[in-house]
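In the block that follows, a single chain appears as structure tokens, in the form predicted alone.
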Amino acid sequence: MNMAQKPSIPKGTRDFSPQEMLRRKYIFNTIERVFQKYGFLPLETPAMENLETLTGKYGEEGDRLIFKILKRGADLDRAVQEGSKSLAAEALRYDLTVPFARYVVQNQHEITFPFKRYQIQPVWRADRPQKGRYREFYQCDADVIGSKSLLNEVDLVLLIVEVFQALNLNVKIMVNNRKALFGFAQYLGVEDRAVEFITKLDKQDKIGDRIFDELLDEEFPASAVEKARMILSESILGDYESRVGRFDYLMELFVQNTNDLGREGLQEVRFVLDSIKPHLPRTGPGLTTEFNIALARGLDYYTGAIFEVKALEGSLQSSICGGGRYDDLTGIFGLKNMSGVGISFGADRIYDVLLETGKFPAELGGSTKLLFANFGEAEAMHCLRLLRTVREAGIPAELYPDAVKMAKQFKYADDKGIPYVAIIGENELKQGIVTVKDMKSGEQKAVEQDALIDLLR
């Protein structure tokens, strides 16, 4: 006799209840409305890509987190027999940006440039599951490709601001530039290990000054580490408005050392921050903008501006939005000189913050507003006609399918959070009325059937 199998799902994945899905839809719909408002068009790409499309685009750590798909059938058998180390030829999407670049190259002759697209789709990473970190999660991306103008960066930062204002979240938007970072490494004399150095610096906001001990342990020159410690104490913290002098201090260091790359990066940061300043909201949720010279955004394909957003409320310390400019991504697929810039909202992390802070609206669209009670076949047939009228008026409604005791039907409405129950029994049928019960207060009110919709509204 077979034992019943205990149902389970893979670690790092989740089921979503109807209530959770309503909350998720609220996030997706809010972000999508702003995307469309800013002129972005929808796009979807396959869940899987050729493995060679994804590898080498995310850095060594990112490549390790790609979910590879085993070859199948004869191809797998042949690879095993030959002792091949390459048992996979495809992989699940790691992000939405690289598939987007692949799409642009494949469809370059049908696209109008600059091309503005958005995608809201799941991605997968072979990561260790923990709070705020999942193996399957959604990203909400917006990218502009085919233009080098910094006005695109300005527009994307304003888009970020508008999304989090709409979600009623207090956030910190950090801005930096990869050119400034590489210029920083050059100034410190560690340009030969710039990527390694920059990646380490990116951990400074998580582990504080211990990062400098780690740099020394990694055998970076002590003089370079001390210079970095001094400069970060001057410029890493505080909003842009109150730290202009320290920003200028870093700029002066680059000027004195004829560090053209670093100076160019800082000038781009200043343009973006100065341009958004007049357009930032004066009311609503809290918002700060920071220049953060230690911000690196670990992905290898960024070449210019980089952005990262963190919530200023709740316990989640991870990024909930990020992005940047990439000048060479399509070049990997054979299309040169096609610069792009994009951002990605982490919908799952945003969900966690909204839930923890109680920022979801009390009522979310899509849930039933009115339940017609079922007293029997004759009454149910009458309710079906009214049900159609109510639904055509845009009010979500349903009819309880079985003629059971009213206590059970009222419990159903309570459990589902349905605010009103329409009662049409024998007496209501004769009089042409509807008795409407407010499930919260318990009050009942009899109205003419024609007045039902006005009452609900």
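Note that the rigid core is defined as the largest set of C-alphas that superpose within 1.5 Å between two forms. Since the structure is predicted, the reported quantities are computational estimates derived from the model, not experimental observations. All residue numbers are counted from 1 along the displayed sequence.
What comes next is about the form predicted together with a further copy of the same chain, which is not displayed.
- The partner is not drawn, yet in the model of the complex one stretch among 346-354, 372-380, 305-313, 255-263 has residues with heavy atoms inside 4.5 Å of a further copy of the same chain: 372-380.
- Proximity to a further copy of the same chain in the model of the complex, defined as a heavy atom within 4.5 Å, singles out one entry of Thr288, Gln165, Gln186, Ser275, which is Ser275.
- A heavy atom within 4.5 Å of a further copy of the same chain in the model of the complex is found for exactly one of Gln267, Thr199, Asn170, Ser367: Ser367.
- At the 4.5 Å threshold, heavy atoms of Pro114 reach a further copy of the same chain in the model of the complex.
- When a further copy of the same chain is considered in the model of the complex, Gly39 lines it closely, a heavy atom lying within 4.5 Å.
- Although the partner is absent from this view, Pro401 contacts a further copy of the same chain in the model of the complex, with a non-hydrogen atom inside 4.5 angstroms.
- In the model of the complex, a further copy of the same chain stays beyond 4.5 Å of every heavy atom belonging to Gly425.
- Annotation: in the model of the complex, residues Arg193, Tyr249 and Ala362 none come within 4.5 Å of a further copy of the same chain through any heavy atom.
- Residues of 371-391 placing a heavy atom within 4.5 Å of a further copy of the same chain in the model of the complex, in sequence order: Asn374, Glu377, Ala380, Met381, Leu384, Arg385, Leu387, Arg388, Arg391.
- In the core-superposed comparison between the shown form and the other one, the C-alpha atom of Leu92 has shifted by at least 2 angstroms.
- Put the two forms on the same core and the Cα of Tyr58 is off by 2 Å or more between the shown form and the other one.
- A displacement of less than 2 angstroms separates the C-alpha positions of Lys37 between the shown form and the other one, with the rigid core held in common.
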